[in-house]
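What follows is one chain in structure tokens, specifically the form predicted on its own.
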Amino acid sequence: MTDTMIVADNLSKVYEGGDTRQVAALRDLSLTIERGEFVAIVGPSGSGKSTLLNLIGAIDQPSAGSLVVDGAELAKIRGDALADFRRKTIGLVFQLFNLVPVLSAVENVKLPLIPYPPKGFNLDKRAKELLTQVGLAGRFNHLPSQLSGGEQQRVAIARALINRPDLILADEPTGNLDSKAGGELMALFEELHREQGVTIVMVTHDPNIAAHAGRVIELRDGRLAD
């Protein structure tokens, strides 16, 4: 295990436009994020923030350059091995909570590991412990429709933690929350970072939210801002 969690070297991502034009979302971007850091990625719409997060999360692949996450060069991992790496290493939190509406809070938290239950791992107990940790001890059996937006996002965070990830990626996690719920959610992220030492990389357009991070990285036109 090294002290470095993420190393991007001359990372580029180009999308093909509908009229055959190419759109460069990232352009020769290089950066390093140390293990245990809490980093906010900011920048205007179209600056490449979410593209970078998707590449780090192995949801998408770069067009050029290299990306090493937790010691693994993602370009060299394929198929089931890549899915295993993502499941074991990374927890994802999105702006849209992406909860299954017909499942309870505890069932939503358990969902990522139900097909892959680790040996000697009490999944139900772990899910309830996480919901308690994020302040939802009395909401185990509530459906998403019975929870506020802030509570739903807390369920999503508990779900992201179910696999004990070393890295949490959060894409505009407060985007659908009011300022009070957003502040409470950031306090929760700070607590997780402080007490568990998990690496957090968060995309946000809100400077007040970014201020909760230990370091802020600004992107403009797919590059690091000067």
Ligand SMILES: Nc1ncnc2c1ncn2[C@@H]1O[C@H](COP(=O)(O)OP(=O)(O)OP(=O)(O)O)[C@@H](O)[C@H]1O
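Residue positions are given as counts along the sequence shown, with the first one as 1. Computed from a predicted model, the values in this text were never measured in an experiment.
Unshown form predicted together with the named molecule; subsequent notes refer to it.
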Query - Proximity to the named molecule in the predicted complex, single hit among Leu11, Ile209, Ala25, Met202 (heavy atom within 4.5 Å) - result: Ala25
Query raised in the report: 182 to 190, 65 to 73, 161 to 169, 50 to 58: which one contacts the named molecule in the predicted complex at 4.5 Å, heavy atom to heavy atom?
Result: 50 to 58
Query raised in the report: Going by a heavy atom distance of 4.5 Å, is Gly197 a contact of the named molecule in the predicted complex?
Result: no
